[in-house]
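As structure tokens, one chain now follows by itself in the form predicted on its own.
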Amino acid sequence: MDRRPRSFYVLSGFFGLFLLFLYGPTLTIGILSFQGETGGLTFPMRGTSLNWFRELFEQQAVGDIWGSFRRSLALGLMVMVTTVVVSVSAGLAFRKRFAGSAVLFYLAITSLVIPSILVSLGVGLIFNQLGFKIHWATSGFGSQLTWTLPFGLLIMFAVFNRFDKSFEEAARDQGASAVQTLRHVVLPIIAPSLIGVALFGFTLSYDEFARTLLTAGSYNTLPLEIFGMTTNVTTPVIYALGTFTTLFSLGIIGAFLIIVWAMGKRRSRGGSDAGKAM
């Protein structure tokens, strides 16, 4: 067996440091959230307990944790659905070239390179000038779409660029209408990509801070609430909240992955059944 070169171990060390840098803060917060009842915000640990998780589910003297969580969840679902619908519609529209399509495409993704805080400031100013109330479900919703839609559009453009049109042609040859072709042929084929767009939309919205900072109005979303707690909460309950939200995010990702796995298994089973029938 050939010995590995020294560069392998050097690069492995750098990769290990990268993983530590990437996940170290999250692991640290997770560990500190199990501080004992007399524990503080820093090491050393003063025993271990679930006290701060219990405190999390009790009425807090400062902040509205569960209200902000419900708002973030509702906003994330709104952004997710809108991102999927608009991205699929745009992907279908851009399959054929039309006048101004290139300009429209670059305008759609330009918001990715604009500083998020400027987007938040701009949306807030527009709502003020028009006399609309700044609220997380209106101005906050709009500002977050400037972040999620470009990602959704890029994914769907890539999907439709390599989509085999012969499937649609075969469906139309069998007498299917345009709506039937879209519903029974196109959407089932691109379903895993739709789930990816939905996951992008929800997760990007759920933890977005900068674009919501000046557009949420009087009611905070969860990232804004956590930021506010860092200035006036002096117990590890904030770490317990961080651990809870991290586990919630991982649960959402896991649920989406299970859905994709189930769809792939169902598709492969359907293909094998069709092969046996032939």
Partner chain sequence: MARGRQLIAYLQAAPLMVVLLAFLVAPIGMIVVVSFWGATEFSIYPAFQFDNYAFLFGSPVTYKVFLATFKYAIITWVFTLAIGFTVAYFLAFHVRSQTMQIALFLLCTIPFWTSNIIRMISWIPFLGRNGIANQTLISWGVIDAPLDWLLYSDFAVILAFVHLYTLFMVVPIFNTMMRIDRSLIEAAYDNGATGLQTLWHVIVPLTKPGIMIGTIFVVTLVMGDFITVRFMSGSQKANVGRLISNDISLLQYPSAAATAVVLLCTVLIVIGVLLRFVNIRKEL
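Between two forms, the rigid core is the largest collection of C-alphas that superpose within 1.5 Å. Residue numbers count along the first chain shown, from 1. A quick note: this is a predicted structure, and the numbers were derived from the prediction, not measured.
What comes next is about the form predicted together with the partner chain, which is not displayed.
Heavy atoms of P223 reach within 4.5 Å of the partner chain in the predicted complex, making it an interface residue. Although the partner is absent from this view, P25 contacts the partner chain in the predicted complex, with a non-hydrogen atom inside 4.5 angstroms. Taking the partner from the other structure, the partner chain in the predicted complex has a heavy atom within 4.5 Å of a heavy atom of F105. In the predicted complex, the partner chain sits within 4.5 Å of a heavy atom belonging to S143. Residues are counted as partner-facing when one of their heavy atoms sits within 4.5 Å of the partner chain in the predicted complex; in 26 to 45 these are T26, T28, I29, L32, L41, T42, F43, in sequence order.
A movement of the C-alpha atom of G254 falling short of 2 angstroms is seen between this form and the one not shown when the two forms are aligned on their rigid core. The rigid-core alignment places the CA of L11 2 Å or more apart between this form and the one not shown.
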